[in-house]
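Only one chain is shown below, in structure tokens, and it's the form predicted alone.
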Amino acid sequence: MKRYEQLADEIALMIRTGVLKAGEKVPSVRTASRTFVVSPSTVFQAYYLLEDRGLIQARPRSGYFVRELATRALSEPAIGPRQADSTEVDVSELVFSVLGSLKDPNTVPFGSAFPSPDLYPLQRLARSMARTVRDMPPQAVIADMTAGNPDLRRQIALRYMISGVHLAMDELVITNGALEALNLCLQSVTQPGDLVAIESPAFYATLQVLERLKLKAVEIPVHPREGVDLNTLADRLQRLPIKACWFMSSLQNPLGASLPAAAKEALYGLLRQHQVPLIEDDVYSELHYGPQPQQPVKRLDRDGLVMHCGSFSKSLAPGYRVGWVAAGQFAQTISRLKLMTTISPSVPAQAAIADYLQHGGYDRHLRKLRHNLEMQQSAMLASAARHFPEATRVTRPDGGYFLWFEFPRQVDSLQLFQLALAQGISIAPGPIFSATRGFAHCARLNHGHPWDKRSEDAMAMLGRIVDSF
């Protein structure tokens, strides 16, 4: 990363954390040059980049100011504890009804699980696909089906190494997206009827997997900034025969919460104490807004207890369905389960992504993607402050493309979902994120699509519907 990009990220962090507030003047070029020990031209380049990201704006003869888009006027949600020790899971019909609303391309996709496809380098990936398929030796089509494309595995291992996680190559299992990896991990350590600790609220696919495998959910509350409640987890691990934990330790879906470093160490200590494996769902780790990503719990793993699952579906290539798991002591079991089910992800897709990682400028693409998502988050936050009731609360993630809204108690988010859909707007209502159908007055909104008048009008309509309850 160039120095002006680093400087832009440092100032963006000051804006996100409230050090620089909406409407406030940012340091002059001369002051910033002296403070950060860089040249004036570097400061200008950083400020131009922040303008492009929609975080600051120039005023004639006055300097640069933090844009109104960066304001966060709404308060943060307060997530309370859940009482049930364990719960049978039955949410699939509700989830399918919500997902079905996304099929109409004319619907405003606030309920979608993916960012806009326009944010991905699909044409560049297509060239990688064409080149690698053309040059692929015939034997590789068969040989790469079991272990996975060797170039892809090396590239993934290299990215782990850069982040401070050193893996043996045979620990990596390439899968059909992260969801297959997560399924295989759960199957490798549980039997029907077992208890699994999950977050509350949790990504709805987590609930669907538990439902399919006939597992019971032990819901652990999640704080919107600090992540999963370790005190509650410690109590449940002490009292209940939990067989596995399935958590997102960074940029959790739907809240966007990330466990602080000390909390991740405490979490791993609990896992070691009780010898309970962790399935670490880390598909959003590349979408951090700050200069450095959150470190995974996997970095602390000395016993092979952590199965760390990742994917390129959110950061690079949604339709290619290429994910992986760094499976620790469970790698052989997971590999055999994969061979008994899907055998292999697409060999050409693996080769295309490996080529792109090596030659296509993945990190450059990620910086642009993060900047776009951060700008769009600011736009949605500002729009919500304009159109939603003052009692509305909202999360403030440091990455990703979701915001979690907590509306006044009288709002029924399932009814809100139906009323919004009638106006051509999709949302993800709170109950699909809970085994107990909780969070009835909450909803997750996706800001991963370029912000335009249609988006603004949809937020205004949602605000009017919420006001009608």
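Keep in mind that this is a model prediction, so the values were computed, not measured. Residue numbers here begin at 1 and follow the sequence given.
The protein also exists as the form predicted together with another copy of the chain; that form is not presented, and the subsequent description refers to it.
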Whether A78, T392 and A460 all lie within 4.5 angstroms of another copy of the chain in the predicted bound form by heavy atom: no
Partner contact for M169 in the predicted bound form: another copy of the chain, 4.5 angstroms, heavy atom: no
If you check in the predicted bound form, is S163 within 4.5 Å of another copy of the chain, heavy atoms only? no
Exercise: Y320 in contact with another copy of the chain in the predicted bound form, heavy atom 4.5 Å: yes
Is there a heavy atom of P348 no more than 4.5 Å from a heavy atom of another copy of the chain in the predicted bound form? yes
Could you tell me which stretch in 231-239, 337-345, 291-299, 256-264 has residues with non-hydrogen atoms within 4.5 Å of another copy of the chain in the predicted bound form? 337-345
P117, G269, G361, G193: which sits within 4.5 Å of another copy of the chain in the predicted bound form by any heavy atom? P117
Another copy of the chain in the predicted bound form has a heavy atom of only one listed residue within 4.5 Å, and of E180, D355, D398, E286 that residue is E180
So which residues in 120-139, when you check another copy of the chain in the predicted bound form, have a heavy atom no farther than 4.5 Å from it? L122, Q123, A126, M129, A130, V133, R134, P138, Q139
